[in-house]
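First, one chain by itself: the form predicted alone, in structure tokens.
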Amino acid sequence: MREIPMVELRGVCKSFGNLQVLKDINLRVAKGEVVSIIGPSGSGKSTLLRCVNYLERPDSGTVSIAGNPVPEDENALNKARAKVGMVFQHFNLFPHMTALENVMEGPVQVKKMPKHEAKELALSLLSKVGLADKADAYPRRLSGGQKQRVAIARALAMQPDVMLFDEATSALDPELIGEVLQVMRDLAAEGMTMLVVTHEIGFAREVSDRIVVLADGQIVEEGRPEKLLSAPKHQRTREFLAKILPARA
């Protein structure tokens, strides 16, 4: 019997006005699989990710998490959404809360976890992302890399089945990117199911089980990292990689 995928998109289409951003997207992500999504700017990568947890509702098609279609009902939708952690490009931390309070907020407000339990969980997660010493710091006192690691800890605090990363390093200074990618590597090694929109091709090559190439709102190619990056089949993939990879000798 075929294993139920952790994430499945079937025939997903999404338009904004007259612009069709996603065109008949079909994608299966197995439990514990790390899938990187790459492609030119404006190809629909972020919209695809936002459709997975219904921050954007598809115009047609279905999205399922662990075999369960994402529900339309708002209360049921919020429950389903809690199973999908999302890390954004621009952190989205609450500025008036400490790092610890930011991480505690979801478990207390959404999961109704007792505060002492949420605090214990939050402290362990801050330690996991290397920020045990920043629990009482406000976001304004943190570097971009530290803010993003708090954001990852906050997403993990909901104990999700899937983690979505939307260009999690693109707003960071180059010297801070490595610390965030390391946390993502650790999560992958622990078996977290991850969908990662990224321009970090080295990371995609090293950590992904599969790379999906999106162009003009369609999946044009997918495959194992080494094969896809060294011998892409589709012209759009070749054009994209030629722009971002150093020329081969």
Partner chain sequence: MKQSIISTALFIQDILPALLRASGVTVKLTLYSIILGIVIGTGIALMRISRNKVLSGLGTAYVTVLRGTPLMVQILIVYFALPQLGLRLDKFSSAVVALGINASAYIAEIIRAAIESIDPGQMEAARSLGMSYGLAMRRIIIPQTYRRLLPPLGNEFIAMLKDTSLIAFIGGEELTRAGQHIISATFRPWPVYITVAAIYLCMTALFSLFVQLGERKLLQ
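Everything numeric here is computed off the predicted structure, so don't read it as measured data. Residue numbers count along the first chain shown, from 1.
Keep in mind that the form predicted in complex with its partner chain is not shown, yet the notes after this line are about it.
The unique member of Leu125, Leu93, Leu100, Met163 whose heavy atoms fall within 4.5 Å of its partner chain in the predicted bound form: It is Leu93.
Among the candidates Lys31, Arg50, Arg185, Arg28, the residue which, in the predicted bound form, approaches its partner chain to within 4.5 Å (heavy atoms): Only one option qualifies, and that one is Arg50.
Partner proximity in the predicted bound form: Val84 to its partner chain, non-hydrogen atom cutoff 4.5 Å: Val84: yes, in contact with its partner chain in the predicted bound form.
Contact of Glu175 with its partner chain in the predicted bound form (heavy atom, 4.5 Å): No, Glu175 is distant from the partner.
Contact flag, Ala118 vs its partner chain in the predicted bound form, heavy atom cut 4.5 Å: Answer no; every heavy atom of Ala118 is more than 4.5 Å from its partner chain in the predicted bound form.
Touches its partner chain in the predicted bound form: Met158 (any heavy atom, 4.5 Å): The answer is yes: Met158 has a heavy atom within 4.5 Å of its partner chain.
Region of this chain that lies against its partner chain in the predicted bound form, out of 218-226, 51-59, 36-44, 185-193 [heavy atom, 4.5 Å]: Every other range fails; the passing one is 51-59.
Stretch 118-152: residues contacting its partner chain in the predicted bound form, 4.5 Å heavy atom cut-off: Result: Arg140 alone.
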